[in-house]
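First comes one chain, alone, set out as structure tokens in the form predicted on its own.
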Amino acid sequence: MIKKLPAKWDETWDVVIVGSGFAGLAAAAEAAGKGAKVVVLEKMPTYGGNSIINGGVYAAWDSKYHYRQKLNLGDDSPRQHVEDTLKGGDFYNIPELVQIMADGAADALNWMIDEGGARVRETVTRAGGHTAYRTHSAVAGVGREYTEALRKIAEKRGAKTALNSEVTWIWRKDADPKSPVLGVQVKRGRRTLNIKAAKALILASGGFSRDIKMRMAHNPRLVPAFGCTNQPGATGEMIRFAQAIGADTLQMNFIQLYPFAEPETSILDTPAVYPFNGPGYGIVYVNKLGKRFVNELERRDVCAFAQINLGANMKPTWSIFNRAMVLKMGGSYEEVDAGLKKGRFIQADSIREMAGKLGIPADALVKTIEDHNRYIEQGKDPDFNKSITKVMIPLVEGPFYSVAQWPAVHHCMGGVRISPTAQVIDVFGAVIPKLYAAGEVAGGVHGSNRLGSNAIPDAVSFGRVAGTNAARERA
């Protein structure tokens, strides 16, 4: 597609960033902090994208609070985080990119706490696919905790955000390896503007889970019948525009389902995070027959397809936990009470009573829970070979809670190809001058399957790299 370059620019900024989620705001904060004149373009009427409704879980081997050490939850390291991420992605990941995420995770979390006022709960959880207790939970229970912190830092440093600003093209003279990106075309209301990026353009526009045609082109099994946890703006056009000016993409067929979404609406609300945070403390997943169907510590794709393989007539499945687990797995009693009022959580004084409320066979559910309690006591799970740890809590004392769950399309692991410096690489393996990318729009970090709670450290770490390097470009 050939488009005539603009004769003039309506606006000029040093660094132009597309997308106002974790990656975009982190990039804006760092670029502005290095003295660049920065604008963040957001096509939606509100800032934050998927990040603001993210589950608020953040994987880092440590933080300034050292909760893992204080709670005696075992050892961890960036190296172990890297190894888990590579294994979780079936080794399709690019190791150098994984290393940047793992190395940057703790520092980025502390940065958001210290400079942005982000708050985390006094626990860490062990999520599916992770071999350590490293997942930190936001006090707000959603990603807004971190987007607000990043927005605060970015604005304090002088970055500006323009809402209702839809990018409709990326300007580049030609695909010659030396030809830099020049800027973007933007639709703002009835106006079409051309905005110059004097130093660099950063893509932080997220994935394409909401574009059914695009996702099915890469993964045909994700038919329209699948719900989606994403906000409506996750439609992938920036990936297509980047391809049009020569950018390479990779692993676009790797699209993740979130196993624990609300079964009817597919939203990822606060109750939907409890099944994810619970496995390290003894939560149990059961089907309509009252039986376990998967190792609860398995990674997301395994948990999702274990449910799908049960058959559509077995929708939904449930997670069962008790009050003693709530605080340890990053929840709060206030959240549970709110979830009960909305009907998202179900409460019972006994497992038998819970079975009646869920309409599943009582004897089967009682046996399943008693067996699981015994496995925790004995330190061995003969049914699913789950790794039992000393902090897991048997479901003996109530009150007991359950939450319904079912898989929904959630995250795109693939995207534009980037270098360790967050620069976009073209189809010939060369860096496209003055073009960067970070977050879900970029591929290669997570491989075939993203481990839960790796999204935020990925986006923030690479957002910081992209913003720092973009600001160093010559205008």
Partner chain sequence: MKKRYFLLFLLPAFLAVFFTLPGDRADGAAQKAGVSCSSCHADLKAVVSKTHPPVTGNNLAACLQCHAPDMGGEAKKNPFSVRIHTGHIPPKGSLDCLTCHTWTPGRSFGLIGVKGSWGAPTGEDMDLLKEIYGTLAKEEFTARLHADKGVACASCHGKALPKPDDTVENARCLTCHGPLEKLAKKTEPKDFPDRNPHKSHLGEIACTVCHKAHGPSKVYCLDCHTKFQMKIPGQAK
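Positions refer to the first chain, counted from 1. This structure is a prediction, so every number in the text was calculated from the model and none was measured.
The following text describes the form predicted together with its partner chain, which does not appear among the structures shown.
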- Query: Looking in the predicted bound form, any heavy atom of Ile52 within 4.5 Å of its partner chain?
  - Reply: yes
- With heavy atoms only and a cut-off of 4.5 Å, decide whether Gln69 touches its partner chain in the predicted bound form. no
- Query: Hey, in the predicted bound form, is Lys291 touching its partner chain, heavy atoms inside 4.5 Å?
  - Reply: no
- Message: Just checking whether Arg144 would be counted as a contact of its partner chain in the predicted bound form - the rule being heavy atoms within 4.5 angstroms.
- Response: yes
- Note on the structure: Answer among 58 to 66, 440 to 448, 418 to 426, 37 to 45 for heavy atoms within 4.5 Å of its partner chain in the predicted bound form: the stretch 37 to 45
- Which one, Glu397, Glu264, Asp363, Asp371, lies within 4.5 Å of its partner chain in the predicted bound form by heavy atoms? Glu264
- Query: Given that its partner chain is left out here, which of Lys213, Lys342, Lys357, Arg119 has a heavy atom within 4.5 Å of it in the predicted bound form?
  - Reply: Lys342
- Partner contacts for 180 to 214, taking its partner chain in the predicted bound form and a 4.5 Å heavy atom cut-off: Arg188, Gly189, Arg190, Arg191, Arg210
